[in-house]
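Shown below, as structure tokens, is a lone chain in the form predicted alone; questions about how it binds or moves come after it.
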């Protein structure tokens, strides 16, 4: 009887949604097999970790109170009174770091494999925009516990935004909701973190996944016009072969995430005091440290410009160039432009790692 009911339910859905056609398409879809195939799994890993963030974020939202008087106490209540609250918060915090790490690794793998070329330009653009939103997630969520470290890190971060020429003062006031970091800033960051950013991230992720499914995965064996040509190399079926391997990767990521959350639970610290002095050697989260360290070591004046302003403009230009890479490197095959972009990518990666290590040492 149960089998008959499930069959009738499936037939009812199939009649309206044409599910059999979708399954047939999934069974026909193939994934290239080559020495770089391992990098393909980073995209699914990032999407899985984003899903973990959504689920744990919703659970935290049930108890969190977004005000300067109650935010710290509500997080403290989650960690000490709510069953497994400390674990959910630790998974959420560690998951954010792992998601951004996976997104960076995915970006660099796509960059060095030149998988952004025609016809996948928009796939790259949506992926880069998702990475930018993930970084904004990290920045907005950092303040929400309203502890000492997050308060002063947010103050420093919004001060840096304030030195941008022409729009700096407006941008700082927009971020803070006033002249200083107050409860209004917390409320504003909370709204972005739980409403605006998730909506934007979900739309970008759906668009990105749609284009990946539509255009397929790039491989070194592709023809010069950018179209997939499986006859040039081995392939595997997306369903179930590749999908099952993806699931194994997700299980490994979940195990790592659970181990980190259990062995190294995320600390809360002490409640923020706006009238206290900033802690010594304060630093942002690791994914912003290379920018923070760069601005820290730049001289006050470089030619006729403030060093800090020049550094911010340089990072903004680098982000714009990264977004537009598919439209700047358009020639297929090895060429001088490709070599230049490869060198730029290596320099950027080494620079980010070196500045991060220097900051922590």
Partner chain sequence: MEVVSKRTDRRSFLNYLLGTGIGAAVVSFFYPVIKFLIPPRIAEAPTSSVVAAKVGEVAPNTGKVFRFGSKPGILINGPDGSLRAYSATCTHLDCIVQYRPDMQNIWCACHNGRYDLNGLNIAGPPPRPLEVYDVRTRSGEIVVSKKGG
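Keep in mind that this is a model prediction, so the values were computed, not measured. Numbering follows the first chain given and starts at 1.
Not on display, but discussed next: the form predicted together with its partner chain.
Residue 267 falls outside the set of residues with a heavy atom inside 4.5 Å of its partner chain in the predicted complex. Taking the partner from the other structure, its partner chain in the predicted complex has a heavy atom within 4.5 Å of a heavy atom of residue 298. Proximity of residue 106 to its partner chain in the predicted complex falls outside the 4.5 Å heavy atom cutoff. Though the partner is left out of this view, residue 173 does reach within 4.5 Å of its partner chain in the predicted complex, counting heavy atoms only.
Stretch-level contact check against its partner chain in the predicted complex with heavy atoms at 4.5 Å: of 290-298, 37-45, 61-69, 23-31, the positive one is 290-298. Shown here without its partner, the chain carries 216, 242 and 246, none of which come within 4.5 Å of its partner chain in the predicted complex through any heavy atom. Residue 188 is the only one of 120, 114, 188, 208 with a heavy atom lying within 4.5 Å of its partner chain in the predicted complex.
In the predicted complex, 274, 275, 276, 277, 278, 279, 280, 282 are the residues of 252-288 with at least one heavy atom within 4.5 Å of its partner chain, listed from first to last.
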